[in-house]
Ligand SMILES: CC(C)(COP(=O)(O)OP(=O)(O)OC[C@H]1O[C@@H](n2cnc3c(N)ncnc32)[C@H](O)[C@@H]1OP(=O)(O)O)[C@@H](O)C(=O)NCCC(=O)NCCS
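A single chain, nothing else alongside it, follows as structure tokens in the form predicted on its own.
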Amino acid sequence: MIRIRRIQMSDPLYAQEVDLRTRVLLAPIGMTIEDYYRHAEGAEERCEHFVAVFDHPTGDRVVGTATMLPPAEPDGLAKVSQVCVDPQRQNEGIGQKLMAAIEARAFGELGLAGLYCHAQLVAVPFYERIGWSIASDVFIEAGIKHRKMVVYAPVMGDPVDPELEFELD
């Protein structure tokens, strides 16, 4: 079973989170995690870190990750970034569970108005399937074509998908 956890950088699972992000997102574009830290100076420490954890006989294994950077202004949107799932575990709903946990935290616990991300073009259909909307033309970031995607807090009474299970530590 996959569990979604919110962790701190001091959590032992953080090393696995960084490894997955490096393998899936950074190495393919020639970046290291140190490059990312320099590029997004101070963001890593301010982010909330979410990991999808698989119960393995030898211990928990991180198979998905995402971060949420709280808004700088009270009425601003939080930024979701560094979203990835282990390539061997893609198309199992792990990304959807990660995003549901982030939305639950942002809208249900923090009362934020909305979220945004810079989605690679190949990921835009994923975000559209989970209810996000395109909010920009195509732009280049880290040498890759992206679009800004947004989602806003649901209106009271919107249905919640009962199939989505996660826990926030």
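In this text, residue numbers run from 1 along the sequence as written. No experiment lies behind these values; they were computed from the predicted model shown.
As for the form predicted in complex with the named molecule, it is not shown, yet the points below apply to it.
- Relative to the named molecule in the model of the complex, residues V24, Q120 and Y127 are all within 4.5 Å by at least one heavy atom.
- Using a 4.5 angstroms threshold between heavy atoms, G76 stays clear of the named molecule in the model of the complex.
- Using a 4.5 Å cutoff between non-hydrogen atoms, Q88 does not count as a contact of the named molecule in the model of the complex.
- Among residues of the shown chain, G95 is one whose heavy atoms approach the named molecule to within 4.5 Å in the model of the complex.
- With the partner omitted here, the stretch from 30-38, 52-60, 131-139, 111-119 that lies within 4.5 Å of the named molecule by heavy atoms in the model of the complex is 111-119.
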